[in-house]
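Just one chain is shown here, as structure tokens, and it is the form predicted alone.
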Amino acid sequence: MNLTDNCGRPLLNLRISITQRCNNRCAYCHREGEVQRANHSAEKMSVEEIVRIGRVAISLGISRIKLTGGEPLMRNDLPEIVAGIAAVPGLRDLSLTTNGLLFGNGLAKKLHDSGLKRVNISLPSLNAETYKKLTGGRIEDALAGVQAAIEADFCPVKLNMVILNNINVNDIPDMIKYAGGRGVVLQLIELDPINVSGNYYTAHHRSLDGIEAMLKEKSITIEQRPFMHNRLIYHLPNATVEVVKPIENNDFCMHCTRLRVTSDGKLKPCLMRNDNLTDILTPIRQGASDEELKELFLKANQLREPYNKKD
């Protein structure tokens, strides 16, 4: 089965937020569009509930799942979640977004052995002072996490760098060199206005147009990802750089293939909206069948529409 929404966009990817807890405090974090953080003292969904949601999604042809947060590594039962989803027939890709700080002590390898295929690691700067200012964490721990991911053989390892005007723009050349030297992909991400104040966005938003012009000039080849918002990948002589334009971009919305699950168990059709959620966790706890859960997915899919429609 291949699901499409009313605008003809296929539904291929599911992002499941498994916690809102985090050991960093990045001011630019959009928290997957969740307005309020969940209760920090406990997770909202159990391993079994998360795996079941993933299994139902896969049965509908949604073959790519990403585990997000918050910081997913904060959950001690993450290996069980990964193993449960990875065992579902029909899954094509299982990945994770993380800050990487807790990848030590063999956790990265354990997750890889459990079925996790690739990771995106948030790394806004290589400068220790800038990294601490932005995240509250230590750059040494972040870089150790990157190394652990590389040694665990995740493929690919991607570094997510949110570009912030007057803070880390000048760090881009060093990040390109660092990523290229380690065989990982650098993702440059334009700041979006979700869950940040208007003043913060005005002060730190920086268009990536000029940076893309530089990348285009230096690239050997340029690749387009049609099922990932038509974003471009620039293959430089010694590095690969992917550019993620903001969600306000019409092209981004018109080529969206995602559905989200919030940390408290609601299907979320659009990163930008919280007025069209579909509760799936309550029905699960009330004994709903898989067929009934599929109907909830179908409902959520029909609520998907481009936030920024073309005229």
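Computed from a prediction, not measured in an experiment: that's the story for all the values here. Don't overthink the numbering: it's just position in the shown sequence, from 1.
One more form of this protein should be noted, the form predicted together with a small molecule, which is absent from this view; the next part is about it.
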item	value
Exercise: Lys245 in contact with the small molecule in the predicted bound form, heavy atom 4.5 Å	no
Pro269 within 4.5 Å of the small molecule in the predicted bound form, heavy atoms	no
Contact flag, Phe252 vs the small molecule in the predicted bound form, heavy atom cut 4.5 Å	no
4.5 Å heavy atom contact, Gly70 and the small molecule in the predicted bound form	yes
Residue (of Arg52, Lys44, Arg64, His30) lying close to the small molecule in the predicted bound form, criterion heavy atoms within 4.5 Å	His30
Residue (of Glu190, Asp141, Asp171, Glu80) lying close to the small molecule in the predicted bound form, criterion heavy atoms within 4.5 Å	Glu190
Triplet Asn13, Leu94 and Val157 all within 4.5 Å of the small molecule in the predicted bound form via a heavy atom	no
Location of the small molecule contact in the predicted bound form, chosen stretch of 105-113, 147-155, 160-168, 208-216 [non-hydrogen atom, 4.5 Å]	160-168
